[in-house]
Every structure is written in structure tokens, then in C-alpha cells.
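One chain follows as C-alpha cells, the form predicted on its own.
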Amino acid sequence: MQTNLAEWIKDTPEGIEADAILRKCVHCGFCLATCPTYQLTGDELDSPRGRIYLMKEMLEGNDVTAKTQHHLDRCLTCRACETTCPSGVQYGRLVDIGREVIEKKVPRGLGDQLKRSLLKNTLPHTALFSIGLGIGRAVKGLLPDGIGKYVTSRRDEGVWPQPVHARKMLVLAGCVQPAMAPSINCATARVLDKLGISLIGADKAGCCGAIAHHLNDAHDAHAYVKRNIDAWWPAIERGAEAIVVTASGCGTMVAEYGHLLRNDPVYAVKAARVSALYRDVSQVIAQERTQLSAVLKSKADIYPVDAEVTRQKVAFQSPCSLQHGLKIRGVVEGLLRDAGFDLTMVPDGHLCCGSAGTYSLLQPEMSAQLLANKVNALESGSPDIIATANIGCMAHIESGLNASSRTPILHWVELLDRRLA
């Protein structure tokens, strides 16, 4: 694609990157087949190709209107288009640049501003979010369905093992996950403990920065990134092998720390080091597969081959952030099969569930359609359990399950923890 970026952006780091990405796009249209929003609306402007055209027009200095903002807002940033694209267009990075530019050019209405400000100033703060969630749980029966369905029951985390192993790995605590499902990181710590690895936290680390980033607030996003780097750095210097993330949505953000701060004179080197140390929990466990097999074998007398636990049917929802953002495909499924679970077929597994960070709250109608499609696909194989790899997907899918015959939904590492208990 030929480009002619406007003077105000073409020589900036963002302009140089955007220009290189735009030039890779050949408008082949392969992305249309895997774009969830285009599948729903059939509108070219709700496809990656259409949005690329809108962003090109904007970056070349043409008039920008609320229409462009509307179609960029409706993008889930699921990055399924990147998986499909034969030209390697980094659409996710391009849409981040486009959204940051349009945020400055097209003022939002007061209601939209207030909603985004509320999300940005509550969700990333675990203590504040925990208070709100606690109140919500206490009065759940009085809440409107649109809000009450997102108020999940607390999951007891159990015991976090003492850090007795020579091998140490850091874990991202996150922001909403410690309040909604502290059981996930605790289950991870127990599984890794059985594999000879101690999982440790860092007191001052927290939100990965993705919420502010996807709400187009680069300043706040970078502040969260720098805080986490500062919190993790002493343990990294002491030899921590990796930074383990159990929420794939957060993982895509941590994996990008090096890129986000590449021009920062103070943090560029440290950020690149953090991104290099990042590992999704599935990658860590897969690397210890020999040890995992030995532990599973030791449980053979407790869980014989014909035991009910080995026959449980699991529908695995692979989050977009895992399969498209991080390009991790088939790893979790293989680990669950190794542990004796039967995986059901999930039609259209490449399509988004509609959670996408704050998307379900900012684009509720589009999100609801995607959720209904995803729940139907997951339940089509009559699973005993639904498993996922991202806290946002978990809460979103749980809100859409049939209340009368609700299939349990867990993080997949919780299933593995139960198998190894």
C-alpha cells in the first residue's frame, strides 16, 4: 500500500512504525473471514481492512470524524486478523497508534468520558475494586441483570506453598484477578511447586497497564508498566528465571513492555529484559513436561485410568490473547490431555467471546452477540467443565451461561491443580 503520512506524524516514532505497517497491507481481504465484528455486521468499516483504510486517511491528514472513532472503538483488538494475514501486518500495534491519535482529535461526549474514567480509575486498583465487588456480592439480588451477572462468587484460594526451591519465578498479581479469583495464582503456585519451582510475588506490582492502554491513556499505561518493572527488578537481579502470567490478556501486555518503552532512556533496557523473561503459565509447565508426567504417574493409584476425573469432558476456550496475541496454540490442550481430560470440539474457536478487556462494558450490544455465539459453541459438545486461560473471558462467559444448567468454568491451571492434588 502506498502512503503519504502528514508532516505532524510521519517523522515521529509512531508515524514511522505506522507507515511500515500500512505499507505491508495489500488489501487482500483474508482478514475479513476471521474478524468477529465484520462477521456480525457485514460492514467493511467494521473489518481490519476497512479500519486500516480509516487510519491511513487520518494519518495522512484528512478530516477525522466520530465515524472513524466509532469503528475503531468497535474493534475488539482480538488480533485474529494477524493470525490470518499472509503479509504479516501488525494490526494490533497500528490500531493502538490510531486510537491514541483519534483520542486527541475527536472529543468524546460527557457520558462516554465519565464511563471510561470510572473504568480506568477503579478496575486497575485491586483494593478499590475488591471493595466494590464485595458490596456487589452482598446485594447481588438487588442489582440489575446487566450488572449483577458480572458479580462472581469468591473462590477460596487454598494454601500458597512456601518458596523452598532453588528455582524461583515471579508472578504477576494483576488487578481484578486477586479479587475475583485468587484461586488461579494459588493453583499455579501449587502446580509449579510440584515441578520444583517456587512462585513468588512482588508487593508493589499490580495491574499490567492493559486497561489504561486500551482506553487510549498511554501516560497511565506507561506508569503501570514502570511500577511493575521497578517492583520486579530486585528479584530479577537475584536470578528469577521468569515472570509468569496466568491471565493471557495481561500476558500480551507484559510481552509488549519492551516495545512500549523502547524509546524511554531510563526504562528501555529493563523493559526489554522483562519482556524477554515473560512466560505464559502454559509455556512454563510445558517446559517441565517430563517432571509433570512423573508427578501424574505417581497419582496413578489415586486416579486410575478409568476414574471419573480422567473422563471429564472439558471445553477449552482459547482466549484471543493466547492464540492470536501470544501465538500460543495447542499447548494448553496438550497439557489437559496429558492430565487425562477429554477435550470437546469447540466450533469457531478462533472467534472472540466478546470480553476483550473493557469491551463488554463499552460495547455491550456487540459483545452480547459474540458471547451468545461463544457459549453455544462451548456447550455444543456437552462438556462437564469449561476451561479458559484469562480472567476476563472467564467472568464474561460465566455471565452468559444458562443459570438453570450452568456448566462450571475454571482456569485450566485450576483443573491441573485438582488433578495433582
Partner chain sequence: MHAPLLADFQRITPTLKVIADTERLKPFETDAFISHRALPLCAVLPESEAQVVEILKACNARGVPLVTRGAGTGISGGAIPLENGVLAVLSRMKQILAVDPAARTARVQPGVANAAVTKAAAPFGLFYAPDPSSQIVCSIGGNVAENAGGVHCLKYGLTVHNVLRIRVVALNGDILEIGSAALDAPGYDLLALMHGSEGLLGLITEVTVKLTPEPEYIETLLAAFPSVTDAANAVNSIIGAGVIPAALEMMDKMVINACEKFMSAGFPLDAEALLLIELDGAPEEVAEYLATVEAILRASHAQEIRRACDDTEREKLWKSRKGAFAALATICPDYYTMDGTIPRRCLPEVLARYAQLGAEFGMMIANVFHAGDGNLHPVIFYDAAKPGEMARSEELGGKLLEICIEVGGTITGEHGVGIEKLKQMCVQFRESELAMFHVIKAVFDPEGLLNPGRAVPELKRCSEWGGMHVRGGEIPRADMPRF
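Here the structure is a predicted model, which means the values were calculated and not measured. Residue numbers count along the first chain shown, from 1.
What comes next is about the form predicted in complex with its partner chain, which is not displayed.
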> Which of these residues, I385, L32, L362, A395, gets a heavy atom within 4.5 Å of its partner chain in the predicted bound form?
Replying inline: L32
> If you check R116, H214, K270, H71 against its partner chain in the predicted bound form, which one has a heavy atom within 4.5 Å?
Replying inline: H71
>> Considering non-hydrogen atoms and a 4.5 Å limit, does its partner chain approach S275 in the predicted bound form?
In response: no
> Does Q2 make contact with its partner chain in the predicted bound form, using a 4.5 Å heavy atom cut-off?
Replying inline: yes
> With the cut-off set at 4.5 Å between non-hydrogen atoms, does D348 touch its partner chain in the predicted bound form?
Replying inline: yes
>> Taking its partner chain as it sits in the predicted bound form, is T84 in contact with it (heavy atom to heavy atom, 4.5 Å or less)?
In response: yes
> Do heavy atoms from each of R238, L261 and R279 fall within 4.5 Å of its partner chain in the predicted bound form?
Replying inline: no
> Okay, which stretch from 385 to 393, 370 to 378, 354 to 362, 60 to 68 lines its partner chain in the predicted bound form, with non-hydrogen atoms inside 4.5 Å?
Replying inline: 60 to 68
>> Do any residues of 26 to 44 have a non-hydrogen atom within 4.5 angstroms of its partner chain in the predicted bound form? If so, which ones, in sequence order?
In response: V26, H27, C28, G29, F30, L32, A33, Y38, Q39, L40, T41, G42, D43, E44
